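Below you'll find only one chain, the form predicted alone, shown as C-alpha cells.
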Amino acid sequence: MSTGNALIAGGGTGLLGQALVHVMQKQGLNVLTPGRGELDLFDARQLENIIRKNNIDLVANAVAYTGVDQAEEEQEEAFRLNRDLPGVLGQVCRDNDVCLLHYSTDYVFDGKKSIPYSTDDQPRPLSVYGRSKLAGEELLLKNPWGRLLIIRSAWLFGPFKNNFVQKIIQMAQSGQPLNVVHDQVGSPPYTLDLARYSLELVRKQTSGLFHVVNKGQASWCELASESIMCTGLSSRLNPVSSEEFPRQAKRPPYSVLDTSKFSMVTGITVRSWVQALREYVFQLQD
C-alpha cells in the first residue's frame, strides 16, 4: 500500500495517532487528520461524506479512552469511546468497503497465564477499561467484513508525545529515586514499529484479530531500568509491588502477547523491545 488515502480518526494527535501519520506519509499515503471541529466521528452521515469525498480507503481508529483508573469512575464515557465509537466507524467502513484499523489492548486479559496470550485465548478483563475495549472488539466482530483489522497492543512508547519512557528519563535526570512496579509483566511496543507492522497487515489484505507488539517481555521496572541504562544516567531504581502502589483499577499481572499469527501472515519477525527502545532513547538524546 504505497499510495492511497487514509483517515486518522481522532486527528492524529495522540501517541499512536502521530506515529501512524508519520509512517503513512513516509510510505506515500495521503493522510487526513480532521480534528473534532471538522468531523464528529459519532455522526455516521458526516463520516461517510468525508470518506466518499476524499476517496478514503483506510480508516485508522486512534481514538480511545485510555485513563485506566479514571474509567472506574467514568464508565459511561469509557464505553462511549471504546465501544460505541468503534461501532459507528465499523458500520460506515463496512457499508463503504473501507479498511478499518482498530486498536485494542492487552488489558482484555486477566493475567493468570504464564506464557504469552494468543488471539485464541479467552479474554477476561479485570477493569472497566479492559471491559470497554473488549466490548468494542465484540461489537465490530458481530458483523465482520473482509477489511476489518483489530490489533491488540500494549504499553506504548515512542516519539512525538510524552510517555512512560520519557517520564522515567526526565525523573532520572532530576536525580530523584524512582519507585517502579516490578510485578506487572507485558510486551512494550514501539509506536513506529506498531504503525509499520499495522500497515503490513493492511498491505497483505488480511482481516481479523492480531496481537502486535515488540518481541520479548518486561516488567515496568525492567522497562524503566533499560531506559535509564540507555541514557548513561545513574539513578536509584526501587522495585515495588503492585500492593505498595495501589491503583483504582486492577491490572493483569502478566499480559505478554504472542505475535506468531502476525508473523505467519506477514513473514515478518518483530524486533525486540530492547532494540527499539535503544533507537528511541538515542533519538531523544540527539
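Start at 1 with the first residue shown and count on from there. Note that the structure is predicted; figures quoted are calculated from it, not measured.
What comes next is about the form predicted together with a small molecule, which is not displayed.
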*Since exactly one of Ser127, Gln184, Ser198, Ser153 fits, which has a heavy atom within 4.5 Å of the small molecule in the predicted complex?*
Ser153
_Listed residue (Lys113, Lys161, Lys167, Arg94) with a non-hydrogen atom within 4.5 angstroms of the small molecule in the predicted complex_ = Lys161
*Just one of 231 to 239, 246 to 254, 45 to 53, 58 to 66 has heavy atoms within 4.5 Å of the small molecule in the predicted complex; which?*
58 to 66
*Does any heavy atom of Arg80 come within 4.5 Å of a heavy atom of the small molecule in the predicted complex?*
yes
_Interface membership of Leu15, the small molecule in the predicted complex, 4.5 Å heavy atom rule_ = yes
_Residue-level contact is defined here as any heavy atom of the residue lying within 4.5 Å of the small molecule in the predicted complex; does Tyr103 satisfy this criterion?_
yes
*Does at least one non-hydrogen atom of Arg36 fall within 4.5 angstroms of the small molecule in the predicted complex?*
yes
